[in-house]
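For reference, the chain that follows is the form predicted on its own, supplied as structure tokens.
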């Protein structure tokens, strides 16, 4: 079984984001594996333990992304692959999905696991978009999986948990579930330091999205305070006319 798990390098969710000269300045933030990708890694490792095979951690990014790959190695993945071309600058979602699909095909993957969304964009488009590019079925927001020739995946349907059977190959996006995400041990960390990252290039279509600028969202207006029963009529009117809640 050839299992690929996607990992993404994102700013720590507690990092303070600074905008300088219409661009986000990330020079001083801590970088980590996107949290939902940790659930994907756990799912991929459980698949390997159940059915055998190899787990390949795959990311798209420059050399700084090697750290998150090695973090995945310390947790237990077998092989590290990074996609990059120094001529790339900003890639839109179509470009990212195209590069991932090309590399996953080259790797001969039979199943791909990824987080349901990335902590930096929250777009939740990579898994479904990748499945479309590959022509594979996709189940999103999986919390549990039973492994075999087919997968029996627990995921929400109309707001309720359901078990869905899907044949392979397939793309599964992962949400937080009952699995406890494993952490690296000393042996894993030492092995990760010596691990080699294989770098691959990929062709992408002409980009359709151009990044113009970054800016903070507008500040919310200051809240209003009211005291005493004489304010009730005014409050009710504001709730109806401004807040539109009654």
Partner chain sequence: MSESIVIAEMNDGKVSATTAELVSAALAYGSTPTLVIPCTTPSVADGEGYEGVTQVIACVASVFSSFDAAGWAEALDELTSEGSIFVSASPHSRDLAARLAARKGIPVVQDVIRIENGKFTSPVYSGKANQTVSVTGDAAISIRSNIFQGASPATMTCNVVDKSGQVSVAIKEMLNRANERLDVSEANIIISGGRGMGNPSNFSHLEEIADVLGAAVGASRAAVDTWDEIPHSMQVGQTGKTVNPNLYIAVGISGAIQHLAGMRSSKYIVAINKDAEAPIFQHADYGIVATWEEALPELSTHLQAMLG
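Residue numbers count along the first chain shown, from 1. Under this definition, the rigid core comprises the largest set of C-alpha atoms superposing within 1.5 Å between the forms. Quick caveat, the model's predicted, so the values are computed rather than measured.
There is another form of the same protein, the form predicted together with the partner chain; it is not shown, and what comes next is about it.
Within 4.5 Å of some heavy atom of the partner chain in the predicted complex lies at least one heavy atom of residue 158.
Residue contact check for residue 133: one or more of its heavy atoms lie within 4.5 Å of the partner chain in the predicted complex. By the criterion of a heavy atom within 4.5 Å, residue 220 is counted among the residues contacting the partner chain in the predicted complex. Contact check for residue 166: a heavy atom falls within 4.5 Å of the partner chain in the predicted complex. Only one segment in the set 45-53, 210-218, 192-200, 63-71 has residues whose heavy atoms sit within 4.5 Å of the partner chain in the predicted complex; it is 210-218. If you take 3-23 and check each residue for a heavy atom within 4.5 Å of the partner chain in the predicted complex, you get 11, 13, 14, 15, 17, 19, in sequence order. Core-superposed comparison between this form and the one not shown: the CA of residue 225 exceeds or equals a 2 Å shift. The rigid-core alignment places the CA of residue 17 less than 2 Å apart between this form and the one not shown.
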